[in-house]
Structures are given as C-alpha cells and as structure tokens.
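One chain comes next, on its own, written out as structure tokens in the form predicted alone.
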C-alpha cells in the first residue's frame, strides 16, 4: 500500500503553498546558521588575538565634550548617555533632512514636467549637477562656503530675526513654557479626531460626488482646535525666542543656532537627496497614463487640480517604494558628518575608540543605524500598503 501525502487534495511536493513555506523555512535556517557561524568566528578571533571587547565601559564617565547636543550633556556623563546624545543628533539630522529633501524633490520633480522651457531646464540642470557630484565633495563645498562668510558682526541679516555668518545660521525657535505638555496632549487628541473627520469627509465625498475636501477638513480641525486650546489653557504653551546680537562682538543669543558644520551637513544631504527624489517623482508622474490628464482637463480641472487629485495619487504607487530607499540612504549618508566635524553618531563613536573597545562601539552604532533604517522601512511599507488599497 503506497502512502500518499496531500494538502487540500494536492500532493505536497506539487502544492505551491507548501513549497513556498518549505523554501522560507529552509532559507531561514540557512540564514540563522550563517549568522551563528559568523558570530562564532568573530568571538574566536577576538579571544585568540586578545582584541578588547566588552560592555562594562558603558557605565564609565565619557570625560569628553560633545560640541553640539539636543539633550543636556556634561563630560561627567557615561558612555551610554553619550551614545544616546549622538544618536539623537543623527536622528534629528535624518528627520529634518528627509522632510526638506522630500518637499524640495517633489517641487523639482513636478517642475521638470512644466510646460515652461526655462523653468524645466533649470530643474533638470539642478538634478544632473547635484545627483552626479559625490556627496562628500558637496559637503566640503558647503562647509568651505559657509566658513568664507563674514563674521557674526558683519553677517547677513533678514527681518532682524535670521542671521547667517561663518558661525552658522541663527533663527527664531519655540521655547516651552509651563503649559506646553497639556497643549501638546490636546494636539495629539485633535490629530486623532482629525483622522476620523478626514475619513468621514472622504466617505461623504465618495457617496455624494460633491467636493468635501477631507484633507483640508482634517487640517482645519487640528489648527482651529490647537488655537482654541492655546487660549483656553490660560497661558502660552510656547514662546518664540528671537535671536539677536549682544555684547561687544555681536555674539548671537536666544533663538536657535545651527552651527556651520550642521548647516553644511543639512544643505549637502538635502540638495543631494532631493535630486534623486526629483527623478523618482518625475518618473512616477510620467508613469500615469496621458489619458488621465486629458480626461481631467475635459472635466474642467486646472493644472494644479489635475496634479493634486488625478496624477499624483496614482503616481504614489510608483514613487513610494524607491522613495523609502532614498530615506535610508540619507540616514546612512549622514555618517559623512565625520568629515566636517559635526558630532553625529559616527563622529562621537570614533572619538570613543581612543578609550573603549572599538569592536563593541562600532557594533553598537551598526545596531543603531539598523534600527533607524528598519523603522523608516516599516513606516514606508505600511504607507505603501495603504495607498495600494486606497489610492492615497
């Protein structure tokens, strides 16, 4: 009697689902075995060659200054806290860079398809120049350019609030007051409400066929609610700190000052990454059938309305996947800050290797960069799945 193994009436050696799961399990075992083999060999090499390794140094005092830090920092703080300070510096550069590069890239990508010959060619030249010059060269260019600016007392001033000199860029910044936390909690609640309002308006627009402006409605809920909460709390949650010169040498006080190194790093990352994002956006917009545009024009929609309601939502399906890769590249490229002296994760870690095990230190920064990249990938993939089903 012959034994027959089947699944859903199909022999298991011919069932696509069974074969797929088997392939995934086998590949997972192979990957885990390869990683275990690598770690075992690394541990043996460290032991045989007496390479310094361990984690005890994380509780020691770092005893080294960090030139810029968003979190409070003193030289008496531990190595572990210094890692946190440097990681926050890198995260800040990554988030600001991603937001500004995306905005600039979308504008340049759309302008490349403009009917105005001059504007479209200027956008194309921008893309070709910044995309084909190495990022490290661009960072040095911006850094040297900023260092060549006049000193603070002779620098550039706009609206008596923005100061640009060889010491960096100073601009107004919010300063938290006593009611900041309650106001922020209220804003979080308003955002949750706005999501519900946007969904309701979208369903209403789909049901009635009349414009309900769901995105605008959600924004209005947040903005109006935040203004009402601002006055209802009976005190200013935030005050605007405006920079101004002070003293004999015109040193800038108050506000927020981005150092020359940070300014050059952000300019380099934003201009470089935006060139790639512009090409992604241009390709995504061109992937939408020309008939869609012609149909929208026949319905009386203008250029911006066609882009907002017809072309761009459909192009997102093509734009988002490669856009995620650019976000990952920007985050990893921020490690080039080491070349111009900004205190990012890599720069601080390199300094740490003078008094702590280098292998452990770089293992930590690898894990931190990996966590950043996986987070961007997760958020991007969730949004990509959302637009695949809803159309954005």
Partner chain sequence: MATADTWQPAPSLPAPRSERGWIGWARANLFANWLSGLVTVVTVPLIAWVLWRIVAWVFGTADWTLIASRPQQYLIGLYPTELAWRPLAGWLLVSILFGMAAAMWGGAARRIAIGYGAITLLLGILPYGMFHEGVVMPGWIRALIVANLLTMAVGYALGRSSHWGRPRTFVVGGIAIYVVLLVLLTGLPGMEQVPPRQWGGLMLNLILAVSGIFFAFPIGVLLALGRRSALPVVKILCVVFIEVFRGVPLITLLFMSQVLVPLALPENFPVDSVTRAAITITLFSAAYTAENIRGGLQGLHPGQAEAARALGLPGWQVTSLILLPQAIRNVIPAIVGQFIALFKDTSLVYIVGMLDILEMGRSIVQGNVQFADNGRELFIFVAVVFWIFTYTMSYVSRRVERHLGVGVR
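Numbering follows the first chain given and starts at 1. Only the largest set of C-alpha atoms that superpose within 1.5 Å between the two forms is called the rigid core. What you see is a predicted model, and the numbers here were worked out from it, not measured in a lab.
Another form, the form predicted together with its partner chain, is not on view; read the next lines as being about it.
Between the options 232, 185, 113, 136, which residue brings a heavy atom to within 4.5 Å of its partner chain in the model of the complex?
Contact check passes for 136.
So if I measure heavy atom distances to its partner chain in the model of the complex, which of the stretches 170-178, 210-218, 101-109, 125-133 falls within 4.5 Å?
Looking at the other structure, the answer is 125-133.
Test of understanding: in the model of the complex, would residue 323 fall inside 4.5 Å of its partner chain by heavy atoms?
Because no heavy atom of residue 323 falls inside 4.5 Å of its partner chain in the model of the complex, the answer is no.
Contact between residue 328 and its partner chain in the model of the complex at 4.5 Å, heavy atoms?
Yes, contact at 4.5 Å.
Proximity of residue 31 to its partner chain in the model of the complex, heavy atoms at 4.5 Å:
Contact with its partner chain, yes.
Considering only heavy atoms, tell me if residue 382 and its partner chain come within 4.5 Å of each other in the model of the complex.
Residue 382: no contact with its partner chain in the model of the complex.
For this chain shown on its own, do 20, 27 and 374 all sit within 4.5 Å of its partner chain in the model of the complex, going by heavy atoms?
Yes: each residue has a heavy atom within 4.5 Å of the partner.
For the stretch 320-358, I need every residue with any heavy atom inside 4.5 Å of its partner chain in the model of the complex, listed N to C.
Residues within 4.5 Å: 328, 329, 332, 335, 336, 338, 339, 346, 350, 358.
Core-superposed comparison between this form and the one not shown, residue 36 Cα displacement 2 Å or beyond
Where the cores coincide, residue 36 still shows a C-alpha shift between this form and the one not shown that is 2 Å or more.
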